[in-house]
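What follows is one chain in structure tokens, specifically the form predicted alone.
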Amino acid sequence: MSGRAPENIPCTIVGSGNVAGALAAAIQQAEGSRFYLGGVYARNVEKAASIAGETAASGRIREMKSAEGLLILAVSDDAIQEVAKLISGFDLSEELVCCHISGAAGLDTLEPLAQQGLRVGSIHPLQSFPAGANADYFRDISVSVLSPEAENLLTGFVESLNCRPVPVTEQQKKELHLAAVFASNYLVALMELVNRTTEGLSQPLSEILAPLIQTTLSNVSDKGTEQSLTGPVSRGDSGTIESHLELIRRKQDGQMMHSYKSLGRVALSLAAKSERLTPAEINEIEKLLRE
């Protein structure tokens, strides 16, 4: 740390997975930031060293011994409390702030550190991080910030990565994670149903439908869900809906049938809210979409 201004803040990452690697790279590449990568520690020493590069310390978690500045636990949800308990026995600065990056875990998982009088919190990047993810995966994304005692510091850290901080309560954090599962994980599951609808095309369905998907997402972002809804439900086109249901029956795909009807009912509620349909059209579609 020699030669650095006192106001600069070292960041220590515990973990060596996809998010840890991308986060370390984002910290190192952040221009004009007072946050710098001080070290990376993990069970996998080789990966920790690879992530840290030549500018930061690395090693096993037990070799960390001490920490100051910002300590980020980028480990699996199940391991957070175990790692927090281990670290609570180290020589820790009273000014240390410790956070985890889990979307589902609460601050209670950091209780061993809170009991030492340390400020704790969580930052959850609303992004997916595949193998090989780099600093680009942190650019212009939203990151939830939960910390009653260190919100300003964590908000500043998130902003230093060119991300948008979203302050949340414990309840909001849980709900935001649920929303993220729908928006990301279940979107992938929905695309699996899309892939089942037809075979033998000259191009992959993901390639054929990519412009439609991107336009839909842009419309939702710009106009909201109610104004972005198109398709047979929004038009009250019960004939097309009936035709779709018959196609699915022929495929004998129970998951597709359940999903079509369930999502159709959500679409119907949006269409009804916007007063696009007559009561008769709503009743007809409701009958078709019953389980």
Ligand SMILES: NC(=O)c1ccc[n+]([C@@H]2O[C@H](COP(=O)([O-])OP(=O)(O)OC[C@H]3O[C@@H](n4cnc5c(N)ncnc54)[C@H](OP(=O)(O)O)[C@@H]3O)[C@@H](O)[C@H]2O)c1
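Every value quoted in this text rests on a predicted model; they were computed, and no experiment measured them. Sequential numbering from 1, following the sequence displayed.
Separately, the form predicted in complex with the ligand exists; it is not shown, and the next lines address it.
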Find out whether any non-hydrogen atom of residue 271 is located within 4.5 angstroms of the ligand in the predicted bound form, and reply yes or no. no
Does residue 121 make contact with the ligand in the predicted bound form, using a 4.5 Å heavy atom cut-off? no
For residue 11, is any heavy atom within 4.5 Å of the ligand in the predicted bound form, or not? no
With a cut-off of 4.5 Å between heavy atoms, is residue 172 one of the residues that contacts the ligand in the predicted bound form? no
Within 4.5 Å, heavy atoms only, which of 163, 96, 154, 75 is in contact with the ligand in the predicted bound form? 75
Could you spot which one of 235, 244, 265, 47 gets a heavy atom to within 4.5 Å of the ligand in the predicted bound form? 47
Which one of these stretches, 245-253, 218-226, 38-46, 62-70, sits within 4.5 Å of the ligand in the predicted bound form when only heavy atoms are counted? 38-46
Need the contact residues for 104-137: heavy atom within 4.5 Å of the ligand in the predicted bound form, sequence order, or none if there are none. 124, 125, 127, 128, 129
